[in-house]
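Given next, in structure tokens, is a single chain: the form predicted alone.
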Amino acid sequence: MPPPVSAPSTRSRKIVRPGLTSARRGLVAALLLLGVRADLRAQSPAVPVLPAPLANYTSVLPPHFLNPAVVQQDNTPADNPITDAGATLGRVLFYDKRLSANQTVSCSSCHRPDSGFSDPRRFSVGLDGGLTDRNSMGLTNARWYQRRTFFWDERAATLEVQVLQPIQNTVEMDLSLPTLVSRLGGEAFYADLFTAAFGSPTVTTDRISRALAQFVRALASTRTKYDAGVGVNFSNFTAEENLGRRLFHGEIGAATCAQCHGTDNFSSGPRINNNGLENPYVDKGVGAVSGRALDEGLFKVPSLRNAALTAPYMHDGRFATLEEVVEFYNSGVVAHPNLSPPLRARPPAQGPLRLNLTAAEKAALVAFMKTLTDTALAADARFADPFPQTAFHDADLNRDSRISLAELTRMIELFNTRFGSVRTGSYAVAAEATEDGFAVDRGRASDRLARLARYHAADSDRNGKIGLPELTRVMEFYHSRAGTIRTGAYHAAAGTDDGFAPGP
């Protein structure tokens, strides 16, 4: 199967209009480029760029992942093993914004590779700006969870069930499954991908779920400092990291971390836990699903693999750092009728367990958890976005679909680097802070006042950022005053899939 390819890039010519300052010419050129690239996207919908032959998603696991304790945590069903073609299809689906109703968010919007396939925001932002109820759980090593269930409250019986629910969730992606099937069925490149994975071009929800599940299970973290240390008795660790390892496993001190984060996968065994975050629970977890008091405060225990990348922590993202997490387990666990046994004080003492760790021991636990970081996974091309990236995708640093002054600076730098159409001095002018929170020309007073009025008017909610409707107003201004932006350019931008401007 020939891999889908993107349309060849087009270098835009530099346009300079008489009477414009150098900074204004630079920003006009940047906005003009938006119009040019938006027109290209409108003419040629984004298609993924994939390797030929397909990437290998079935690499051999290291020996310590083949011991019985880890193997029994593997939730891969017999009828949906990972295949190269299936995981490749899953990768494309994972990053495709066609899976949301207005085509502005994808699975990757809330599960970013550089954040351990989680979300650095406490709550994720859906297609219309709404927030999710819980923090986005990291997907690293989701394949290994002995209870086999998914979501914080374990309401999905399998990963195959779980992957379809965010698509239908009204806050997250809000797309009906029949519409999803119809939409993907209309894309020629998906016919090839479904044929390679399942033998025919037919698009079904079952095939979508199976492919997405294969990709998620392929996100295996096995290249950490911890993994390198397993075969050498952790002689590669520092003294602090080895102290943290011994504390974590209860070899010294009172910590019981390994009882809930067991095996070399650092994931839960057969038990689901209440970790004493609060009493009463604002979010009842499993109890909200079952309605049983005995289930209140029970939540899934995720793997600690790549935990250093997945902040913030807990189901509600209440802790910003690993240090805060360690201190919570050291001194902050709250008494609750359903509190898990490993977190209860040892008789004759009563109440929650108190670890009484020293500052050095707390630092050692954090150091040990950082040895579980697999930066190679985030950089692995097999798990990267297969859709061609643009300057706007890269400039939207926090993926909130709005662009700040710093991101505007980054965007213009990218235009200058990639397309040679913005002079190096332009973004230096734009980067200067302004009283209106956006960008002001520091040239002649008349130009400065004109730009101040224009951007102040465009930044309609006065938050120092500019979204699609606000960008549209700026582009309309340039079109009406400078004549360099065609009327259809900003309308085409409304349908982008580059992570910058959301549709209406």
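Given the structure is predicted, the values throughout are model-derived calculations rather than measurements. Don't overthink the numbering: it's just position in the shown sequence, from 1.
Note that the form predicted in complex with heme C (HEC) isn't included here; everything after this is about it.
Although the partner is absent from the chain shown here, H111, R155 and Y313 each have a heavy atom within 4.5 Å of heme C (HEC) in the predicted bound form. Note on the partner interface in the predicted bound form: the residue among A87, V286, L193, L159 having a heavy atom within 4.5 angstroms of heme C (HEC) is L159. Proximity to heme C (HEC) in the predicted bound form, defined as a heavy atom within 4.5 Å, holds among C107, A364, L377, A218 only for C107. Screening 225-233, 197-205, 184-192, 122-130 for residues having heavy atoms within 4.5 Å of heme C (HEC) in the predicted bound form returns a single hit, 122-130. Among residues of the shown chain, P342 is one whose heavy atoms approach heme C (HEC) to within 4.5 Å in the predicted bound form. Although the partner is absent here, T256 lies within 4.5 Å of heme C (HEC) in the predicted bound form, judged by heavy atoms. For L309, no non-hydrogen atom is located within 4.5 Å of heme C (HEC) in the predicted bound form, even though that partner is not displayed. In the predicted bound form, heme C (HEC) sits within 4.5 Å of a heavy atom belonging to F299. Residues of 115-140 lying near heme C (HEC) in the predicted bound form, listed in sequence order, are S124, V125, G126, T132, R134, N135, S136, M137, L139, the criterion being any heavy atom within 4.5 Å.
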